[in-house]
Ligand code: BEZ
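A lone chain, given as structure tokens: the form predicted on its own.
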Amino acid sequence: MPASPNHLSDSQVTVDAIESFAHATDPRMGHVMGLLVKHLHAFVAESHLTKAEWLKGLEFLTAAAKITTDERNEFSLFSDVMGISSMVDVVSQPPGGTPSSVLGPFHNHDSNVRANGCDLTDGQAGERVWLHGRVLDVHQNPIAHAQIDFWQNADNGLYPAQDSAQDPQNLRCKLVCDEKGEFNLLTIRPHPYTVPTDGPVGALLAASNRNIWRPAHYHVIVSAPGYVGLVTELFPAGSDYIDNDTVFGVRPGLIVDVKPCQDSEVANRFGLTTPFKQVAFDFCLVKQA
């Protein structure tokens, strides 16, 4: 006679839960879910998790769901502060390309498509920075017409989702590189900022006495047909918190210099006075297997 569930040993519960995914339609999903069960059960056993603590965890997830919107993802933030997003980068990054970094909670899929060479500043406060570069393959050949998805915070350190005074499209866009893989846009210098602290993740960080700051950075997603997409960030050198990023997103290859530029053609195009500031960076994509 089968044992009552109440008399199942811990190890048998784990075995049965893993086995329940063995016939998944997608074998990879079944494998991943089985591993997730294995390690979650090991965590429960090792920590001697109480029912009260388990309920607290469920309350945390419920609160994260309530605060998540199209413009803010608390689950993404939770993944970031736990270092999971960065670990996914570490294990999934194909060799030879630009390092990836975290997506962050404020990416929005509906950024307007702007012309290559656009001015995103629109008269707002902030130090002007000309961001330019190329999209290349691992052999340093240009990738024509790659797409750049760009976003950042404003001079007050806030993203549009945090600041109702900003246009929802402020300082973000999608643009298409030219046939040489070149791109450029005018933006402002980003600032360090705190991750959102008004939700359950903020409460977790406070209870843990953890740093809540991120160094200044630009967010960029680079994509092109036939290549592995790249989600990454660029960090101006010398930014505060660059050695203590609360989401562990800084990579040595993503730290960029903000340098003076004397290019009169660019200055005239954007109405700038020389010298102005520039960041030059080439992104490298890896071909899909």
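Just count from 1 along the sequence shown to find any residue number. All figures in this text were calculated on a predicted structure; none of them were measured in a lab.
Not pictured, yet referred to below: the form predicted together with benzoic acid.
For the options L171, L77, A146, V129, the residue carrying a heavy atom within 4.5 angstroms of benzoic acid in the predicted bound form is L77. The stretch from 99-107, 133-141, 113-121, 180-188 that comes within 4.5 Å of benzoic acid in the predicted bound form, counting heavy atoms only, is 99-107.
Contact annotation for Y159: at least one heavy atom lies within 4.5 Å of benzoic acid in the predicted bound form. Taking non-hydrogen atoms only, L205 never approaches benzoic acid to within 4.5 angstroms in the predicted bound form. In the predicted bound form, at least one heavy atom of V195 sits within 4.5 Å of benzoic acid.
Interface membership of V247, defined by any non-hydrogen atom within 4.5 Å of benzoic acid in the predicted bound form, is confirmed. Scanning 207-237 for heavy atoms within 4.5 Å of benzoic acid in the predicted bound form gives R214, H217, H219, E233 in sequence order.
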